[in-house]
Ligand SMILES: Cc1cc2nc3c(=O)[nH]c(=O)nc-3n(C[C@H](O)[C@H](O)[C@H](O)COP(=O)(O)OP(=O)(O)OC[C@H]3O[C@@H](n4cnc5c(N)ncnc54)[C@H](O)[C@@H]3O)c2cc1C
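Quick setup: one chain, the form predicted on its own, written in structure tokens, and binding and motion questions come after.
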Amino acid sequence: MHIVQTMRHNSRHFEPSALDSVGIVGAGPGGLATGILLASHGVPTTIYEADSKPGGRCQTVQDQGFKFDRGPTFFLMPEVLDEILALTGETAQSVGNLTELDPMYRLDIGWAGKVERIDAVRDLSQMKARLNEIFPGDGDAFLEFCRLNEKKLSAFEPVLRNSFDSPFDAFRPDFVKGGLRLDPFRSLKTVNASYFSHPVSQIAVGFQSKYLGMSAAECPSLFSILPLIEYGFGVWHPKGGCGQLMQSLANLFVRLGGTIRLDSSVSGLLVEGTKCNGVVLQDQSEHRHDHVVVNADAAWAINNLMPSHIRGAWGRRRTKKAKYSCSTAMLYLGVDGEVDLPHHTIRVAEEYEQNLRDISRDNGRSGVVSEDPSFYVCNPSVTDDSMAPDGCSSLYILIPTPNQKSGLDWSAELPALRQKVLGTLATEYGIDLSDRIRVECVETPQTWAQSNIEFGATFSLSHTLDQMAFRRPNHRWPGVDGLWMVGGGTHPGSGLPVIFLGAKSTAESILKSSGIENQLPASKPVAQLATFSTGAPSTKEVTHV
């Protein structure tokens, strides 16, 4: 067991805490953000992490000098992380050493026997011109689409910033008023088709549903805000990758007086009556806390950490029947030489709709591997020379796949899938890696599942309308005092900035329930943090760092 702990050495004065301690299960983004918020209020906090390093799905994979992000490869909405760090003397820029990417990413979309290439930039006039080239009028529709989603992001504010601990929370006036603007009962695909005439334009503002592990056809239209977040906040690369950002947050948490116990797998919760009083580690040692925050994969934690009598509506039957995101097969390749690709490339196969059907059939149960898969390549070495040894490049390749409800044997499936993807890189991009690979690491749906991710669903529970707000696992676990949950499987959902917002709501609720004054400054509405121009009178001009 590796325990990381130091004394506080920042200049803020901490009053004695009204809480003896808080325990957090998991040093993923949600656990780290919650820990920082509590520690910055002087609350003694311990994080228990099963792995030998922090980050969870966001940790760094390292081999022979090559570094790869295990999961997320880009950072959105640094302003939200600024809120988490408000009392620490740090900012997202100071802990992450962030670089804004321009273009944000490249889209290569197969259509009618050719490839439409879109280099997505924050300059909306350039995007208007490019989409009008694809189909006259689609560029003008893009500006109107942005204006719509600026309003929608404002309406989404009560959902993003509040916990939903009961169905009655959905009837708060601010939620009801905002909910009417979110258009939740149509699919993202349907709404996009009402704005854009050409399928390529629709994909360009709809592929972001894959950030949630969903297709545009099954994703509620309220998530049309996702492309707006990119254009309004930019796409950023933390120096050393998102895994290094998580390590920096862990270091900050320790500097604030927190404790991280690495290699400390939690096997259960210590529940006495209707009160959660701590955690039990695999060595059967008990560690008592006033509150426990669970940052493990939500569905897995419910089934494996919670005693059956406290699972409530989220029992084993419900978690089994629940809808889950897709999974991913990952190739982490350390290669000789430079690679002629931008930082982010999304290759969309001509049979993209078939890809989506292959992946999501019967919520993955009948899923198969596509003949011509779409995939995403991250080439961080073009931006960050710390990711690979001199003269080399680190390549991250993500292929969306069915989750483990499919029962596919990935020891048999991965070799053929790998060859398809590397073959496409050679034939479509002229990048032949056959004699250049020095290091190769992989993840499959099976290995994700072995990492305590239910069904290997890398984006956790699906974000369908019947699994959102109060119908998603709550921050405050019902019927049990002192038990809380954070992370992508809980409200408000997955994605780093959204997980951070959920952690903030949870930490603020813990402080309030314990009678501790919340010292965080008032938050600005999320939509007002964006810096973009849609042509609407109320918006700000585009700014670039």
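Since we're looking at a predicted model, the values are computed, not measured. Residue numbers run from 1 along the displayed sequence.
The same protein also has a form predicted together with this ligand, omitted here; what follows describes it.
Here the marked residues L331, S366 and S406 all miss this ligand in the model of the complex; none has a heavy atom within 4.5 angstroms. Think of it this way: in the model of the complex, this ligand has a heavy atom of just one of Y352, F233, W410, F74 within 4.5 Å, and the residue is F74. Note on the partner interface in the model of the complex: the residue among S201, S374, T458, S360 having a heavy atom within 4.5 angstroms of this ligand is T458. Although the partner is absent here, H41 lies well away from this ligand in the model of the complex, with no heavy atom inside 4.5 Å. By the criterion of a heavy atom within 4.5 Å, N295 is counted among the residues contacting this ligand in the model of the complex. Contact annotation: R70 falls within 4.5 Å of this ligand in the model of the complex, judged by heavy atom distances. By the criterion of a heavy atom within 4.5 Å, Y48 is counted among the residues contacting this ligand in the model of the complex. Residues of just one listed stretch (148-156, 297-305, 378-386, 333-341) have heavy atoms within 4.5 Å of this ligand in the model of the complex: 297-305. Looking at 483-513, the residues that come within 4.5 Å of this ligand in the model of the complex, counting any heavy atom, are G487, G488, S494, G495, L496, P497, I499.
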